[in-house]
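Shown next as structure tokens: one chain only, the form predicted alone.
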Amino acid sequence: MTGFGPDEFPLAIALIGCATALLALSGIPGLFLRHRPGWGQNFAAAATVVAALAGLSSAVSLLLFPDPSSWLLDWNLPFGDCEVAVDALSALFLIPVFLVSACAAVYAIGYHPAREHRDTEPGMTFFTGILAAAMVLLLMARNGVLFIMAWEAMALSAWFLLTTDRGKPEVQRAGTVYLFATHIGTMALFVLFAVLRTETGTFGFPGIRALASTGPATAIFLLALFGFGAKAGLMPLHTWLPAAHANAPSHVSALLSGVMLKMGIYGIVRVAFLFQAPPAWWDILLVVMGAMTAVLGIAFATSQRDLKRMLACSSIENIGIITLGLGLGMAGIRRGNTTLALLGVAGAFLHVLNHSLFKPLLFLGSGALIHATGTREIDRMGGLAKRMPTTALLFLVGSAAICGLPPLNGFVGEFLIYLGIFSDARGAAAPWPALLAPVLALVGGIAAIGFVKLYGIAFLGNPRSPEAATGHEAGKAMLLPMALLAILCCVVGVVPQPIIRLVEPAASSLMPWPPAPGGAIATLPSIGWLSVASGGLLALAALIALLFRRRLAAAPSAVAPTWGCGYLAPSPRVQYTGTSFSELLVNLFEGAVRPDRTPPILSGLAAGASRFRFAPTETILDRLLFPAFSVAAGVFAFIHRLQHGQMHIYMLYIFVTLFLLMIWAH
């Protein structure tokens, strides 16, 4: 590599480059320190935290003080120079990479300690570092080939991580589906960069809005939507996501869901905004796909009984909200509505950051629950709030945040999207974006039902299994990252202005108009009132809790039998289960969710014991793709039988073929 001077190698990129190298190398000592279990894992966690501090400070400084900078890597390979750069868009997406990587590395010390997992821990630590480094390199790449290399490194390291427990058939199945889906998407990206190379004459990325929306623009957009959408989990390309996130170790699930899905969103943004005047159907397609993904994703989540599978399906919903915001932003640009454009894109980006806070918090919390009870089945938990009070509180924060409830951060991103929708409704001749307000409200309502079910069944009531009855609180190494993420959820919800200032440069960089001086969104009066209302709501909740606790402590305590009403002999069997809680909602979405039910068979005057079975299914995967693959396998098996390896049989094939061709010609 040659040819870079001080101007081409600024401090911010140097720090991010050092952080990337540190992440990539963080797992190597663990491979050679097998005789000292824990040393390699502790070193990796420390290195990841140091890398995160360096990377976060650089990314934030580049957002607050924009300074476009790049580094040219002239290595004389056929695909040309490799440029790495960090603009506002890259810097924004770097924040979740560094933050969640550090939280996951510290959490792993308590959740997956090296002393108890001598066989799998070194590989897991190594590939966790590779995954984080690959994502940073992907965000910095400005050359299509370098981007694909980083993309593949990310995809393969994620596969190694999610198949850590290879002895389980469901893990192998999830890994196979993931590998198949990710490489189908990668094939689309190969074609995408080949078409882009033909159009521009270079593998280098064009600048934002640098290309005309003519020629192969539509093909490039659709290839990006397919290739990156498969990674992001957009419906109907989400088939790999629920099983992969459910079967990976919890801190890996936090990385996959909180960060890796965003790489797909980053790719869609990077390509969709390359063009100057895209046609109207582009933004409409994004809005429709986003709305469909959000509604069906949360409907799937609510029907789940598996804790981590439910969280994974909820990630699909949030990806849908982000895509919907991006579509609204593109529609605003096309319609010349500055407010809709900026608020739509900024709302989507803010939801990217918010999702990278509450979703890792929930996945890490699910790991604490699984660590304590040994099961992922919600219906086998119960009563854990008494045994795991800190985890219960932190999980409650994450659950409220993901439902978009004020005063937590999940509400703020959706609030910006609502503001954009209402701004368009006031002045546009055809305010179709206003139709999306009830869709967002519906998604929030279903999310509230789903997470009330999850929290109520898992943490409240009586224990539903012996394992839940003996559940124990997580250790400090697990609680510390969860507490950090929960605090950030609260801070961003009450004081959103600082994080909006981080989001605004990235959103403004996509706009065809010059950025508003002084921060157009953060200084909006509605944002100020939102902050006041959120702070007041939080203070009121704290005051009510304090007064209730004092009243409870002052009241005389007494023990007496339950009044009755059919509850004289309380048992976990008379409590609501997750299935019964969400039955009505599942029935409403029966056409899309399609759970597999086996009703009890009752006969005779005194019917005997019978069982009712309810199993949520992956509609597209189980009912469409797998049957199609089975048919294809049958066809190929028949073709395989034609191959005998005997020359006279092949000569017979040739003779029959020639005979048929002669008849056809005649």
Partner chain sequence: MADTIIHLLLALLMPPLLLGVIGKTKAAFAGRVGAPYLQPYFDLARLFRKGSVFSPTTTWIFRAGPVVTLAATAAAALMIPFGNHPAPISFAGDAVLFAYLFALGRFFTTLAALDTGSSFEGMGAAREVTFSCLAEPTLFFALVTLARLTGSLSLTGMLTGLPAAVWLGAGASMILLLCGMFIVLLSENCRIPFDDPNTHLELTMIHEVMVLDHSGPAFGLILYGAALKLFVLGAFFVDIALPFGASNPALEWPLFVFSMLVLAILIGMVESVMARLRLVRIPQLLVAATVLTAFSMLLILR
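In this text, all values refer to a predicted model and were calculated from it rather than measured experimentally. Numbering follows the first chain given and starts at 1.
One more form of this protein exists, namely the form predicted together with the partner chain; it is left out here, but the text below deals with it.
Visitor: If the cut-off is 4.5 angstroms on heavy atoms, which of these, Y111, F415, F127, F226, is the one near the partner chain in the model of the complex?
Guide: Checked against the cut-off, the match is F415.
Visitor: Using a 4.5 Å heavy atom cut-off, which residue among P406, P278, P505, G204 comes into contact with the partner chain in the model of the complex?
Guide: Contact with the partner chain in the model of the complex is made by P406 alone.
Visitor: So if I measure heavy atom distances to the partner chain in the model of the complex, which of the stretches 394-402, 491-499, 116-124, 505-513 falls within 4.5 Å?
Guide: After filtering at 4.5 Å, what remains is 394-402.
Visitor: Report yes if all three of F180, P249 and R309 come within 4.5 Å of the partner chain in the model of the complex by some heavy atom, otherwise no.
Guide: No, the candidate spot makes no contact with the partner chain.
Visitor: Hey, in the model of the complex, does I284 get a heavy atom within 4.5 angstroms of the partner chain?
Guide: No, I284 stays farther than 4.5 Å from the partner chain in the model of the complex.
Visitor: Does the partner chain come within 4.5 Å of any heavy atom of G535 in the model of the complex?
Guide: No, no contact at 4.5 Å.
Visitor: Give a yes or no for T198: in the model of the complex, does one of its heavy atoms lie within 4.5 Å of a heavy atom belonging to the partner chain?
Guide: Output for T198 is no: heavy atoms all beyond 4.5 Å of the partner chain.
Visitor: Just checking whether T214 would be counted as a contact of the partner chain in the model of the complex - the rule being heavy atoms within 4.5 angstroms.
Guide: T214: no contact with the partner chain in the model of the complex.
Visitor: Scan 530-554 and note down the residues that get a heavy atom within 4.5 Å of the partner chain in the model of the complex; none is a fine answer too.
Guide: Sequence-ordered list: L530, A533, L537, L540, A541, I544, A545, F548, R551, L552.
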